[in-house]
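Single chain ahead, written as structure tokens, the form predicted alone.
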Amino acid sequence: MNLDSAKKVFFLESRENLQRIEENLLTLVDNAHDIEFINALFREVHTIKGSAGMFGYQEVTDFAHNFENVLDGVRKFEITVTPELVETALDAHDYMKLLISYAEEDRELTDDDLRQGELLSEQLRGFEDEQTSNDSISSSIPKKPLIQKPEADKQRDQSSTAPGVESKYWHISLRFGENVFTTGLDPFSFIVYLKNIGEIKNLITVTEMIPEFKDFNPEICYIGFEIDFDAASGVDKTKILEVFEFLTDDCTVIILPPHSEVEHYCQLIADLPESAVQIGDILTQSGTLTKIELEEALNLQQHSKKSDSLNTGGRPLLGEVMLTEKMISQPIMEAALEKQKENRVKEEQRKRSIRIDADKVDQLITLVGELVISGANIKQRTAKLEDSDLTEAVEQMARLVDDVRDSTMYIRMVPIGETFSSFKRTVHDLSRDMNKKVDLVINGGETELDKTLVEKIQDPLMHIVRNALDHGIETPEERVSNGKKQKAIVNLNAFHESGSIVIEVSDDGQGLSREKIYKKAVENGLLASGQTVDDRTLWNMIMLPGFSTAAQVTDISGRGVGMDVVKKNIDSLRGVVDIDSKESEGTTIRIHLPLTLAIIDGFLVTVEKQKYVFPLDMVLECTDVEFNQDDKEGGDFFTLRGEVLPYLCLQELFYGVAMGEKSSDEVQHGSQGENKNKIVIVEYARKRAGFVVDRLLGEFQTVIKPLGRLFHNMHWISGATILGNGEVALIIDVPRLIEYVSKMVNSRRAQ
């Protein structure tokens, strides 16, 4: 049987599980008494262990087993959560990540890797040994229940009995691993052997995991058992567990003693691996209800429908019948209802989502782009035929193409929250190494942007976060002396604004030192001594190559590389970086990025005879403006409804044709007035500017095509697109042009 596709899914899901494990470990101290949180953490490790065992990755299975034992002690409140335990668990997470990456790449572990694994396993066993020591000292102290209950609930439970819960028999919950058959084990043989040490009073075969016949694999074990067992005299839990000792690594075996407390059954219901959504199935699978009791409850429910139909028009819920007949207690029913709710949510998610390879999505985007170009070609040719019926059909097709384009692009959009969450570990490790106290606060994690952008923004954000902790955040002692709280805050925020996505990284540290940066700029020859410069220009100098004000070089920063790499990477994504800082208050670095790099709505214009496209999301309006050529209002500015805006003539910038001279395009198509100029008003990164063009051609669906190496020096162009008639139109790099206009404005103000 070919397992390649199954292994691919295993590695993908393992990476997702590892990420959730890391996130949960970083908040474990604050959730040390939340049993649901700890159980979720335990299940993630258990899932990796079981899945790795199915594919024969023994190193992963063995190490995960040691990790799992410690978490099992935590969820039983037998091991105390301490900062030392969290640090060891994080190291264990990293080692599991290494093992899985080696397994995926089919690489052998080095001697150093093996020694690291042995050391971590020893550290994990040390926590288990501490648990054993504590158990021997405090054996006479009642253990903390798995689920804390209000005092009123405790009194209610003590004053009432619950048939089917306070059983006089042992209860064994048994779920077999999928690879039981392939290892030569017969599940029923354990049941037969169990009869040698006692009597089976009740046995339920759990078949919920058996798929439809078309999906059935005879090599996989799908069944489980729920058993009520009357052990012979002298048989304890250890003896019963020995029956299943060959299964403990690959299967789930839960053994509850006679007269178990209600809390144990509640916990068993919460831990059920099946996804049953019927309340009766959940209760029978957990052993809190026998099949006979279930059938009796169903009969009573049916009888109630017949007798009460005239009065109520319906029948009571099955759970109400069970509670009325005292088959189960209220806490058990509440736990079962919670499990039912959880299973329904999982089932809905399973039905709604499928996994798609990223390469297939990229291929689909490419095909949709070609469809958009072909649609524009058809629309253009149809317009020449002047056939109303054909025109209407083409318009309908164009609308459908738009819908297909939007839906396809939405597939590529992913929330940035996952990227943000990955920095929790960075902040945790760096703050520990630098003896600083820092909290990472995430906002706007649900904000979506193109998958390609998410992948490429990871490294720049990492540089910024590391710089914030190294340069921006003070030591706890310095913060207290400055009247601040010991624990600093680093904020990651994302939101949409003017056709772009904005990512902010801010801190409440010491901020940038204007004096130090100015002095360094003078030393580097970037400024003349005594030269006046505004804050924004000064802050932007820290993004120049080799610019650093650090007094000493550390492992984190100080070599003058980092922020220049950030700017270079953001520039490659057609983005803009802004810095805002106040000394002793903090720094905010704001990154503006386009929403997508594939297909956009554009606004088509001409300059000379060449067609250009402005991204439509950045276009505010288009208008005719009459400039005063004598003084240009004191510079390259114009007034639009009382607002003074800078402008730039693209004809002059691209072709050296002074504004006011008739272009060849104007001669060909006529001009609406000697001094009338068509101007496109755009906004990006909270800055506005106008760009003078020759003609306005209207909206146009734009498939972005990258420029080749031959055109890498075209600073004002970010890409190209193909028009319906086969012509090539160049896409205006609005962020770069606005930056250029802003520099011109600042330069003239300084003069």
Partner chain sequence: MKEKRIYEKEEHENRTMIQLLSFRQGKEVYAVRINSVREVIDSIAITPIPLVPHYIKGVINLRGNVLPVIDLNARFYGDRGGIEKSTSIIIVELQSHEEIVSIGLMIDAVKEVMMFPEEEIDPTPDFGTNIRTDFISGIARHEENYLILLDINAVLNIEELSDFTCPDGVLEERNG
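These numbers come from a predicted model, not from an experiment. Numbering follows the first chain given and starts at 1. Note that the rigid core is defined as the largest set of C-alphas that superpose within 1.5 Å between two forms.
The protein also exists as the form predicted in complex with its partner chain; that form is not presented, and the subsequent description refers to it.
**Student:** So which of A32, L697, M714, A40 reaches within 4.5 angstroms of its partner chain in the predicted complex, heavy atom to heavy atom?
**Tutor:** If I apply the 4.5 Å criterion carefully, the residue I get is M714.
**Student:** Note which of N202, Q610, T183, T82 lies within 4.5 Å of its partner chain in the predicted complex, where distance is taken over heavy atoms; exactly one does.
**Tutor:** The residue from N202, Q610, T183, T82 that makes the contact is Q610.
**Student:** Could you tell me if L25 has a non-hydrogen atom within 4.5 Å of its partner chain in the predicted complex?
**Tutor:** No, no contact at 4.5 Å.
**Student:** Applying a 4.5 Å heavy atom distance criterion, does L653 contact its partner chain in the predicted complex?
**Tutor:** Taking the distances in the predicted complex, the answer for L653 is yes, it comes within 4.5 Å of its partner chain.
**Student:** Does any part of Y740 reach within 4.5 Å of its partner chain in the predicted complex? Heavy atoms only, please.
**Tutor:** So Y740 counts as contacting its partner chain.
**Student:** Should V728 be counted as a contact of its partner chain in the predicted complex, where contact means heavy atoms within 4.5 Å?
**Tutor:** Contact check for V728: yes, within 4.5 Å of its partner chain in the predicted complex.
**Student:** Does its partner chain come within 4.5 Å of a heavy atom in each of P706, L710 and A720 in the predicted complex?
**Tutor:** All three within 4.5 Å in the predicted complex.
**Student:** 48-56, 698-706, 685-693, 63-71: which one contacts its partner chain in the predicted complex at 4.5 Å, heavy atom to heavy atom?
**Tutor:** Contact criterion met by 698-706 only.
**Student:** With both forms fit on the core, is the shift of the CA atom of L723 between the shown form and the other one 2 Å or larger?
**Tutor:** Yes, L723 moves 2 Å or more.
**Student:** After a rigid core superposition, would you say the CA of F420 moves by 2 angstroms or more between the shown form and the other one, or not?
**Tutor:** Not so; F420 is displaced by less than 2 Å.
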